[in-house]
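Given as structure tokens, the chain that follows is alone and in the form predicted on its own.
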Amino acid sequence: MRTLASFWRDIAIAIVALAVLVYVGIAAETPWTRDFLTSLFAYGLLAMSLNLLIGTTGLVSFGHAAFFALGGYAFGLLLQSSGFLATFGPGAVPVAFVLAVAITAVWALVVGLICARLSEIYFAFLTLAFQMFLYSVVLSWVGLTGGDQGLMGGIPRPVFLGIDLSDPIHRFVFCAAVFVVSILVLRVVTASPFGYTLRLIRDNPRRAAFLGINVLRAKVISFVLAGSVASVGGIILALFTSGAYPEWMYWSQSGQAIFMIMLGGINQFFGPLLGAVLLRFLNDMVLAYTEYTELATGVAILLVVLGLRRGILDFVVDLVRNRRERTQQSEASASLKRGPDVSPDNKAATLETVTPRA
């Protein structure tokens, strides 16, 4: 009953969040706000999906951006195919969306079945190896992917259900809805019994196996879910840029997602999203004055790690919790020092309580 109540509460929060995002996007006087939020939707999903592996399952992946880029490439290549457009007509965009996520999920399943058998550093570097393999394929297969130039010529976006994705407002509302739904899916997964199973595997995989949990299967499911949500982020970015580029699946893209998690907080659900907001905002602000964005990002990460020793949201939550505990301890100590309440009113109440009634 309590879980069901939490589910409906999350649904209500998601509807309110979508309404706020749509209002901000439509009311924005300059395109910068919509552009910033749309890129935030893409990179926010990349970071949030990666934290399903790192924060919830305990799997540090260095190759997560491969799924992000694969979603964008698959979506763009399908819509650039004249045969695909002729076959599905107005429904080409939603069909390409579903197929792109499905293709990424299949690739994540293959990679997950191999990598999830390993642990810690071996898992991390094997995921990186798969990412760089995919990166090499994209660079080498120039006839299909455009090589280092990416998908050229734009991505056709035929109108479906009255939604014209070439229109900035329509595109923003569509991307905002997809983003909110994806975040809701991640929230439901992490708050479900399966999410608690993943945390048990993260904390003590041997105990989980002793309790009868199929640890490998749970890790693979988590890996596929995270890869699928990351591919949705890549699709949003492909819609936004009307293309797909090999830089999206370079190792530095995965590193940037890890920076977002470290900056925002690994133990809070919205920590990676906060990190994405801060990192994208910092990147845009620094670009306005200098091209040394990596230097500014590195300094910001150093300040947070050395100063707070955890992500910003983790620090804030710990600070509030510690203050609350200190306040409760102070109140308990003060109550002990005062001793029992012997006032006349309290005596009367006590006698009334203990005296048997006729």
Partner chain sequence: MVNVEALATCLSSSACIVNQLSSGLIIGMLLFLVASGVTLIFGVLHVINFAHGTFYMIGAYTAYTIYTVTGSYFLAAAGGALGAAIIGVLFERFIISRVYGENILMQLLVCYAFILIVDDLVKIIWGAQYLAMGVPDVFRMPPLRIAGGFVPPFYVFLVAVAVVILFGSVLLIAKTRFGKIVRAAAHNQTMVSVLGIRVPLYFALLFGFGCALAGVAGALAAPVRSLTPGMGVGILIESFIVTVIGGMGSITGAFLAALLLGLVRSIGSIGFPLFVDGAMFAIMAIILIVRPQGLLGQGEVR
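In this text, all values refer to a predicted model and were calculated from it rather than measured experimentally. Numbering follows the first chain given and starts at 1.
The protein also exists as the form predicted in complex with its partner chain; that form is not presented, and the subsequent description refers to it.
- The contact with its partner chain in the model of the complex, taken as any heavy atom within 4.5 Å, belongs to Phe259 out of Phe172, Phe179, Phe259, Phe97.
- Of the listed positions (Ser192, Asn204, Ser81, Ser140), a single one reaches within 4.5 angstroms of its partner chain by any non-hydrogen atom in the model of the complex, namely Ser140.
- In plain terms, the part of the chain that comes close to its partner chain in the model of the complex, with a heavy atom within 4.5 Å, is 121-129 out of 121-129, 226-234, 97-105, 193-201.
- Though the partner is left out of this view, Ile54 does reach within 4.5 Å of its partner chain in the model of the complex, counting heavy atoms only.
- Residue contact check for Ile114: one or more of its heavy atoms lie within 4.5 Å of its partner chain in the model of the complex.
- With a 4.5 Å cutoff on heavy atoms, Glu294 counts as touching its partner chain in the model of the complex.
- At the 4.5 Å threshold, heavy atoms of Thr87 stay clear of its partner chain in the model of the complex, well away from it.
- Here the marked residues Trp8, Ala14 and Leu211 all miss its partner chain in the model of the complex; none has a heavy atom within 4.5 angstroms.
- Of all the residues from 296-318, those having a non-hydrogen atom no more than 4.5 Å from its partner chain in the model of the complex are Thr297, Gly298, Val299, Ile301, Leu302, Val305, Leu306, Arg309.
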